[in-house]
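Next comes just one chain, in structure tokens: the form predicted on its own.
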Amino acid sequence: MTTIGIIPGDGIGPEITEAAIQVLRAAAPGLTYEYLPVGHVAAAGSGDPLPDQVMDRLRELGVVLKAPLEAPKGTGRIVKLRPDGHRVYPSINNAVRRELELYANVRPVHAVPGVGRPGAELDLMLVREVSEGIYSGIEHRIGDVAQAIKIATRPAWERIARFSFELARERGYDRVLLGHKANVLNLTDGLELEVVRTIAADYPDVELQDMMVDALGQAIVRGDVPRSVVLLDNQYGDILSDVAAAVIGSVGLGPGANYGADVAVFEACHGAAPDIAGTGKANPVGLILSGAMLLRHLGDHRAAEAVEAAVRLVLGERRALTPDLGGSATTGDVTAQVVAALDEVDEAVAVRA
């Protein structure tokens, strides 16, 4: 019996969390769930958005399904007090990743026929380095001058480069595509490019390509990026994964997983969307597909494939589309259709297995 830690999040978080758990219960009934307060809910009780006992429990469980936590504009910094000083994080979502020592954020982008822009047949695995970069939160302001420091270290980029090449081998991709701006950020992005080129030599079966990140963004919008593992730094990955998800239909379709040495946290790529909380308009697919990634992480490949196939069936046949996809279905409608579709796809998945 495996227990999954649940961070239900803010805004639409509780709604899509329940949707994802309904699908997980149908696909893998042996799992159990433990809800843990993080963010505003935790701060309301203890004053600490990241209570030590909660973070310890998440580390103990090792596998977490996390809904988005709201990060206010301009005031979302998190300060975590420690006996030896304090740590400052630019947002609560960033804080969760770094407190749990997660470093690789994987965001798959797989087009579904009949959904999204015609011709945008993207098949990508975006890998985002999330332990450093401009999102390290090292900022200063003196009067009318503000500075942000971008951090790039050789050890972190050796680790994320190896992760990306191993992922390409594991998932059958023959290319790693690095997006960067080494023509302008000669030292930081230049170091990243240097390190990735060095690591690539250990993977002669996987081609390395690199592109300026602005040209890569244009290619994603056009839908003509070759099938690749796309490696990006923290900020570039955050932006382009949302763009890529929108190209295939909606940011609400984007799943994600964060990996560290001992903990894995699964979350959709979108935000908390407080403006539609409680309206039934939230698209649960991103978190449902994150749940499929969780199942694959646990080794239940058959259940993971069934969830993914059920989502493709519901979307491809337009059985239930939320407003972001041009439909009028509710969060509950989509969830019910995906659960029902699991029975339809189960036999086909069993045959392939």
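Numbering starts at 1 and runs along the sequence shown. The structure displayed is predicted, hence computed values, not measured ones.
Below: the form predicted together with a small molecule, not depicted.
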Let me know the one among L216, V109, V196, A272 whose heavy atoms come within 4.5 Å of the small molecule in the model of the complex, would you? A272
The one option of V115, I276, L185, A200 with any heavy atom within 4.5 Å of the small molecule in the model of the complex is I276
Thinking of the small molecule in the model of the complex, which stretch from 30-38, 294-302, 280-288, 47-55 has heavy atoms inside 4.5 Å of it? 280-288
Quick check: do V23, V307 and E344 each get a heavy atom within 4.5 Å of the small molecule in the model of the complex? no
Within a 4.5 Å heavy atom cut-off, is V251 in contact with the small molecule in the model of the complex? yes
Heavy atom to heavy atom, is I12 within 4.5 Å of the small molecule in the model of the complex? yes
Are any of the heavy atoms in R82 no more than 4.5 Å from a heavy atom of the small molecule in the model of the complex? no
